[in-house]
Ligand SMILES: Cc1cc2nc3c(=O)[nH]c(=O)nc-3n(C[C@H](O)[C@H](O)[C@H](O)COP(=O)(O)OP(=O)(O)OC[C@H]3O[C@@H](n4cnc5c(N)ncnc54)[C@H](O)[C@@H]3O)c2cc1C
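Encoded as structure tokens, the following chain is the form predicted alone, with no partner shown.
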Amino acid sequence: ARFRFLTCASAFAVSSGRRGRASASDSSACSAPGASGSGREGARLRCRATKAGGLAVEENVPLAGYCSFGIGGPARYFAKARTLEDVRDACRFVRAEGLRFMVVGKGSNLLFDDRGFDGFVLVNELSFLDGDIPQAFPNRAKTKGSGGDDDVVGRGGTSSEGTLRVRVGSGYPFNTLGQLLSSAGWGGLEFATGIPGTVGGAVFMNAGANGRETKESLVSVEYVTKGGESRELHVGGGGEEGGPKTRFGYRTSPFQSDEDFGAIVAATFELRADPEAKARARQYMQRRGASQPLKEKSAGCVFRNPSGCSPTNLSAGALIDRAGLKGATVGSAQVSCVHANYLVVASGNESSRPSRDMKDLIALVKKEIKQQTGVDLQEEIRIVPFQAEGME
């Protein structure tokens, strides 16, 4: 790839030498709408539909509408799960057919291939919330505009002696859960108000922000194996109990390395009564709105922050910013001018291969940071290949 440094406004631009029409080997005959596509339904091609138990399965469904980048070719097989039995049926179907399998929530940390995914994609819509969420401080005056009764703000869980346990479906929006709990005075998931994914995705990635992580409030996780069998992982506070198999780390969970893992179904969290929870969540949201490119297509922070033993002890965003890479562009992909650890789909820059553009930009940023600082940046987002490793 060729690139040249420009003035401050655009930082630098990159020419990949691959402009124009993509070759047959680079795009599927069943094309997706991409970053500038017409949405989920308009470009969908239904080659045929089948049944996996009671689950309706479609073929060649474009994935661009199921991720926040708005990038991705068609999935070979595609379905939506609204019940536990749907998840089991999908897992059994995948095992019987010998297919690659992945579960998608909001797709807020995924980069699909331009050719799509040569396997089965299951969209998780298990969005239940058990029980009622009581106010942590019922004798306080009701906040303006909160609505409902003074002692109940939503559906959710049971409380005892200043703590609350909430069981929630893996497809439930994580940011909504954080907002609901913090508004009722329950602390522990305030940071979730700024994470546009699902509960299942947050658990799988051990999502975090503002110095907090999902594992810190997590009690247990219900999941299904590839064979469709139900399992439950008891985590305990901090996610460290029970040996290596139940340990969570920075953006990692035991499910990522479990070869028999199928899909997360539900999670139980424990919160504590905190009079500052609502104000803290609001502060996090205000800070996020001022420092992140929320109106652009992205997958959040692309790179993990280097470990504390890195030569610079700076965050990934600070390293990229100091390297002068804000505004760096490869085709339709650009380093955000607002937050350097966000790579966004540049408005007005249409491309026949937006995923390749984004991957090239990721590689360029890693190369520049390595050359300038000696730090090896690692991706935080999941880059999903079209085929399994060794088959492409």
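All residue numbers are counted from 1 along the displayed sequence. Nothing here was measured: the structure is a model prediction, and the numbers come from that model.
Although not depicted, the form predicted together with the named molecule is the subject of the following passage.
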| query | finding |
| --- | --- |
| Heavy atom within 4.5 Å of the named molecule in the model of the complex - the one residue of Ala299, Ala316, Val235, Ala184 that qualifies | Ala299 |
| Single option in Pro134, Gly119, Pro306, Gly208 placed near the named molecule in the model of the complex, where near means a heavy atom within 4.5 Å | Gly208 |
| Residue stretch of 77-85, 276-284, 316-324, 100-108 approaching the named molecule in the model of the complex, non-hydrogen atom distance within 4.5 Å | 100-108 |
| Partner proximity in the model of the complex: Ser217 to the named molecule, non-hydrogen atom cutoff 4.5 Å | no |
| The named molecule contact at Glu380 in the model of the complex, heavy atom, 4.5 Å | yes |
| Any non-hydrogen atom of Gly200 within 4.5 angstroms of the named molecule in the model of the complex | yes |
| Partner contact for Ala267 in the model of the complex: the named molecule, 4.5 angstroms, heavy atom | no |
| The named molecule in the model of the complex: contacted by all of Leu180, Arg247 and Leu271, heavy atom 4.5 Å | no |
